[in-house]
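Only one chain is given next, in C-alpha cells, and it is the form predicted alone.
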Amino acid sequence: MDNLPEISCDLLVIGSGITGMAAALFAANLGIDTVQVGRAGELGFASGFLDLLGVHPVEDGRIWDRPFDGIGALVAEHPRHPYAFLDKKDIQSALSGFVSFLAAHGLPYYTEPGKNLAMITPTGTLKTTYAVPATVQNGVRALAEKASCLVVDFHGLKGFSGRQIVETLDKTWPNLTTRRISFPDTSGELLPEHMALSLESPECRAQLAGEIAPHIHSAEYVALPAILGMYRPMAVFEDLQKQLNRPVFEIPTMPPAIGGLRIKAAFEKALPRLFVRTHYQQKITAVDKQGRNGFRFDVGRDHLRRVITAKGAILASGRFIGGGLTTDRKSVRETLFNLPVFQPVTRSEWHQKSFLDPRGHPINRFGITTDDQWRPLNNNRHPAIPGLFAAGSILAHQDWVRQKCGAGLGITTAFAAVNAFQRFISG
C-alpha cells in the first residue's frame, strides 16, 4: 500500500446508492472534506418516488395517510427500528435538504406536507409514497379525481403494460383507457434509457405528440411510462404537455427505472462541484483501522489502485444487492469491517415457512445494530470501531421494502450519521 497514490480526507462515504449520495451531499453542505467510493449502487432499481413510511404493521398491511403518525406507531412497537433514533425535526430537515437539492438540479418534487400520496406502479397497483417527481404530480391529482385518462403504451417496450394497468385498476379507476403506439425513434432495442434520451430531441417529441394526439379523444389526462427525458425531464415534460394540450404524467417502468437514474445522474454531476471527490465503480479491497487516527482504505485494482486515508467513515453499502452484506450456509456477514450482524443463531430461523407470509421474513430485518449516534456496536454493545458510522438499508430492525420507507430511511439516517460524524471530529 505504501507505493500507491494516496488521498486524504476527513470523511469517506462508502456507497453510491441513495444513502451514500445523501450522506455525501449532507457532508458537503457542512463543509466536511469528503470522498465517496461506491460501485454501481441501487438507484437504477428505484422508481424515483421517495417513501417515508407507508405500511405498519406489515402483517396487517395498514396504510398510513400521515407518515409521521405511522412512524410514531412504528417506534412505539419497535423501539430498535432506526426511526426510533430520529426526531421529527431531523427527519423533516433531511427530506427538505434532499428535495431542495434535486429541485436545484432540475428534478423538482411534489409533496403535500405531512401527508402521503397515492400513485400507480408499473403493475397497476397503487403505492403510498411521500414525494414524487413533478413529472408524476398530475397523476396524483388524476387518481384522486378518477378523471378520464389515456395510458400510452409502446410496441416493443418491455416491463410496462398499459393494458395490465387499466385492467388492474378497473374497479378503482374505471375511466382509464389505453393505446399501444410506435415510438418515433426505433433504432436499436426499445429501452427506457434509449427513449428518454431520444425525447430530449424536439423533433422526437413532436413526432411522439403526433402519434398520441389522434387517440386522446375526450381523455382529460395522458399518462406515459417514465421516459420523458434523462437530463432535462422538466423541459421534455412541459413541451409535451403543451403539444398535447393535456396534463401529462409519468408512471414508473420496471427496473432499470428512469426515475432512479435521473437522481443518480444529478448527484454524479453535482457532487464534484460541491468538492466531493467521487470514485464510482470502485471497490474497497482492504481496510486498516488505526484507532483514533482513522482508517487507511485500499481502493480499486490494477492501475486504478490507491489509498484513501480518512478520519472517519460512513458505511452506506446497502444489503445483499449493494454488497454490504453477504451470506454463507451458516450466517450473514458484513463484508468490509466484519461487524457483528443482528441475526438468529440458526439458519432455520431466517425465513417463515410460507414464502408469502404477511409478516415478511426475519432475514429482511438482519443488519448492523448501532447506538443512537449511529456507531456500529460490537457483541458487547459498545461502539465497535472509533470513527465508524452506519446508515441506510444495512441497518438492522427494519424491513424497508414492506414498510415502504426505503428512501426515507436512507436519507434521514444519512443526515443523522453525518451530523454524528461532525460531532465526533469536533469533540
Partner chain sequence: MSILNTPGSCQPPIHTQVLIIGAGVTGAGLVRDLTLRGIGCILVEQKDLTAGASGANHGLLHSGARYIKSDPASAVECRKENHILKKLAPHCIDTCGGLFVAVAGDDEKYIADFPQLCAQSGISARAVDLADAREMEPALSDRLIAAYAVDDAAIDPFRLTLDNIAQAVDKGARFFRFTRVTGLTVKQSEITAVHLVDTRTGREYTVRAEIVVNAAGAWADQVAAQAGISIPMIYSKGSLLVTQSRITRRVVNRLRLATDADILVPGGTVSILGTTSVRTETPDNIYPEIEEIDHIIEEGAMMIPVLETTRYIRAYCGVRPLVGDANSGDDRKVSRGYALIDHTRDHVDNFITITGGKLTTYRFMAEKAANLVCQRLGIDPACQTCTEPLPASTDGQWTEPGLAPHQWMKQNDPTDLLLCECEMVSRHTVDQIIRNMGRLNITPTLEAIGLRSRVGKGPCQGAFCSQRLTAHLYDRGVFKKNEGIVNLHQFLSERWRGQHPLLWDVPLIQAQLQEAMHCGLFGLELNDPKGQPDKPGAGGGPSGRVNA
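Computed from a predicted model, the values in this text were never measured in an experiment. Positions refer to the first chain, counted from 1.
Not on display, but discussed next: the form predicted in complex with its partner chain.
Heavy atom within 4.5 Å of its partner chain in the predicted bound form: which of 145, 170, 238, 203 fits that? Just give me the one.
Of the listed residues, the single hit is 170.
The unique member of 303, 273, 353, 89 whose heavy atoms fall within 4.5 Å of its partner chain in the predicted bound form
Exactly one residue meets the criterion: 353.
Assess the spot marked by 45, 359 and 402: is its partner chain within 4.5 Å of a heavy atom from every one of these residues in the predicted bound form?
The answer is yes: all three residues contact the partner (heavy atom, 4.5 Å cut-off).
Tell me the stretch among 229-237, 95-103, 341-349, 132-140 that has any heavy atom within 4.5 angstroms of its partner chain in the predicted bound form.
Within 4.5 Å of the partner lies stretch 341-349.
Quick one: does residue 255 come within 4.5 Å of its partner chain in the predicted bound form, counting heavy atoms only?
Because a heavy atom of residue 255 falls inside 4.5 Å of its partner chain in the predicted bound form, the answer is yes.
At the 4.5 Å heavy atom threshold, is residue 123 in contact with its partner chain in the predicted bound form?
Residue 123 belongs to the contact set for its partner chain.
How about residue 217 - does it come within 4.5 Å of its partner chain in the predicted bound form, if we only consider non-hydrogen atoms?
Judged by the heavy-atom cut-off of 4.5 Å, residue 217 is well away from its partner chain in the predicted bound form.
Is it the case that residue 77, even though its partner is missing from this view, gets within 4.5 Å of its partner chain in the predicted bound form, heavy atoms only?
Residue 77: no, not in contact with its partner chain in the predicted bound form.
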